[in-house]
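Encoded as structure tokens, the following chain is the form predicted alone, with no partner shown.
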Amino acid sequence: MIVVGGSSSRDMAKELAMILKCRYVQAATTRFPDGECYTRVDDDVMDDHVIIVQNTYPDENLVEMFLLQDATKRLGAKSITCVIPYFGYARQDRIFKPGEPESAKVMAQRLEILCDRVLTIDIHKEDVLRWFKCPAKDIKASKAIGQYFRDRGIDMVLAPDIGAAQRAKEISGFIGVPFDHLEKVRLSGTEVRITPAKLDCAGKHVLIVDDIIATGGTIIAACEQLTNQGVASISVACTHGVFSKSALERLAGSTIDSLLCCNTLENEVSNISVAPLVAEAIREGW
């Protein structure tokens, strides 16, 4: 096997190649003055099974993925597996208003043209994978997050809402602590209290988990209220740290004691690696 790292996922690609004990090739990607992408896979021949690791978010990374697929195919790749740590456009998996595109379907259909298998990590809507005609699998990051926090003094795991409770349950199972979800209780026309639905958080070291943190507004509001309720410390972890609109700076200035995300989007707090989970899926052949 040969692992090809795109510009968005260099660290994960290198680690994946190391775990699989296979050759690693870093794509040489640059941008022309007008913003167009130029990429080159600096290899004479790739007569092997190729794994491309590259995000499809934002749009410029999606274009790079298309170009990397073509480049490796032209070099003789026997098969192409696309590892997409963060799959862009997964939120729009159906038509909500007339005239809208079915964005997730469009992306899947384009990506599978030169692809034999697809691996995603905590895709926003797993139902999107049905649009791929080639084998496609979503890997859950719960194991990586749970193992990271297993011996770090966490007393309970909280989901920001009931919709994310299953993720909190999975992660709490790896840590060996109880889980709950946060709920809003309206106290008046202007005042809302955010608190765990069942558990008492006073004096506890809590871990809040989610799949994506974008602006961070909801997390910040929840952490402020939990602090007022007497928690001992607050750790926050997510799979995909999008951190748009200066979210990292605002989160750093909040009552959060520790903020981490997985390396699906590489940034200064992406210290939880999902590469071992990807390697495991590839070895098993899913």
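Just count from 1 along the sequence shown to find any residue number. These numbers come from a predicted model, not from an experiment.
FYI, the form predicted together with a small molecule isn't displayed, but the following is about it.
- Contact check at 4.5 Å (heavy atoms) against the small molecule in the model of the complex: all three of 161, 211 and 216 pass.
- Here is the short version: of 73, 110, 184, 152, the single residue with a heavy atom within 4.5 Å of the small molecule in the model of the complex is 184.
- Though the small molecule is absent from this view, in the model of the complex it lies within 4.5 Å of a heavy atom of just one residue from 91, 78, 169, 137, which is 91.
- Exactly one of the stretches 255 to 263, 29 to 37, 217 to 225, 65 to 73 approaches the small molecule in the model of the complex with heavy atoms within 4.5 Å, and it is 217 to 225.
- For the chain shown alone, residue 124 is a contact residue for the small molecule in the model of the complex, at least one non-hydrogen atom being within 4.5 angstroms.
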